[in-house]
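Shown here is one chain on its own, the form predicted on its own, set out as structure tokens.
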Amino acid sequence: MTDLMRAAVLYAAGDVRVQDYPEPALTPGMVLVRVQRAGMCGSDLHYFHDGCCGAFVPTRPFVLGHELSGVVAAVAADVDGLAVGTRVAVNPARACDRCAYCRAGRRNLCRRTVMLGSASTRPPTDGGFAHLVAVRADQCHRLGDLDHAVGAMIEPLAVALHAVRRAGMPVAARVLITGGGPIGLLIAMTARALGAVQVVVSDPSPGRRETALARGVDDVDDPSDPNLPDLGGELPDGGFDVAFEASGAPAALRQLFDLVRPGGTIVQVGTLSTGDVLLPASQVMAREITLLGSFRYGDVFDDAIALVRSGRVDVASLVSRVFPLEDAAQALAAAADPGTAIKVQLQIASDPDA
């Protein structure tokens, strides 16, 4: 008979039920992690509000959540080097480690990736809004004495760190980020930690602009300001060195081509709609603008943990509210309010100090 645990299960749009749910099996090469904290991402909100996330439509009810930390609860017999009781942050993306992308060190592009809390697989893969989750041993990254609230922020920080590395930021870069949500703020904080001399965040929400200023950015802008296109011309070399689009808004991406300098770089981080987006190709040519994509993360989790441990990035300051697992639906509703929430987390375990 399968043992049961508590989990937040998505049934349909607006229908998340915290219920008894079968515990995951411990199979070869895998470990069971007893989840302590789990954060809420934009994809969780899409599943909750829309019943799907873009083209990913669930074929059965499943457990949400992919930003998580916890304690190793059980280890398969063939797993070495990871002991029960180890405190870990979890990389929720399990690449195949066999394809050309994985062999080339670009595991984030693996087409066989299994993602926790996602309907990208059939059936969907259960995630971390549960007492236990099964992951491959190499998905676990040691936290040491870092708090579990911090541990659950390592995944979104890894997104930001991968994006900043993709940009290949020049020394003393001037950086613009469109989108003042959690990923935009983490990119701002990471860019600063890695040497940016000017960091500006653009967001239509006054609350998010205030939050960005409180987190140490140099300036904020409203993208609807008619004078914003003049900002680039006021900077040395005629614009920002690097711009990160973290809002997922096509208009924000288009605006960046007028704000980066000749030879500048734009990195698309936010998830855009599946439709085509019109871009000024003539500017790409005449001003030699580089447009890059940044998807999830490469193998940067340990580096993200080191960045936090060094004190150069304060991810704990972005955790705005914490709810118990039993209030998962209320937490998802709260996370959707950009005026009051930055990062909402669930306290999963009954013992928060484990």
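The numbering used is simple: start at 1 and walk along the sequence shown. Predicted model, so just to flag it, every value in this text is computed and none were measured.
Just so it is clear, the following notes concern the form predicted together with another copy of the chain, a form of the same protein that is not shown.
* Does another copy of the chain get within 4.5 angstroms of any non-hydrogen atom of Arg321 in the predicted complex? -> Answer no; every heavy atom of Arg321 is more than 4.5 Å from another copy of the chain in the predicted complex.
* Consider Asp145 of the chain shown here, and say whether it contacts another copy of the chain in the predicted complex, taking contact as heavy atoms within 4.5 Å. => Residue-level check for Asp145: no, no contact with another copy of the chain.
* Asked: So in the predicted complex, does Ala193 come within 4.5 Å of another copy of the chain, heavy atom to heavy atom?
  -> Ala193 belongs to the contact set for another copy of the chain.
* Close approach of Ser310 to another copy of the chain in the predicted complex, 4.5 Å, heavy atom -> Yes, Ser310 lies within 4.5 Å of another copy of the chain in the predicted complex.
* Asked: Of these, Ala76, Met115, Val220, Leu109, which has a heavy atom no more than 4.5 Å from another copy of the chain in the predicted complex?
  -> When another copy of the chain is considered in the predicted complex, the option within 4.5 Å is Leu109.
* To do: Report the residue, out of Ala251, Leu213, Val84, Ala172, that has at least one non-hydrogen atom within 4.5 angstroms of another copy of the chain in the predicted complex.
  => Comparing distances to another copy of the chain in the predicted complex, the residue within 4.5 Å is Ala172.
* Are all three residues Ala12, Val18 and Pro204 in contact with another copy of the chain in the predicted complex, where contact means a non-hydrogen atom within 4.5 Å? -> No: no residue has a heavy atom within 4.5 Å of the partner.
* Work out which of the listed stretches, 177-185, 120-128, 235-243, 68-76, brings a heavy atom within 4.5 angstroms of another copy of the chain in the predicted complex. => It is the stretch 235-243.
* Which residues within 144-163 place at least one heavy atom within 4.5 Å of another copy of the chain in the predicted complex? -> Counting only heavy atoms within 4.5 Å of another copy of the chain in the predicted complex, the contacting residues of 144-163 are Leu161, His162.
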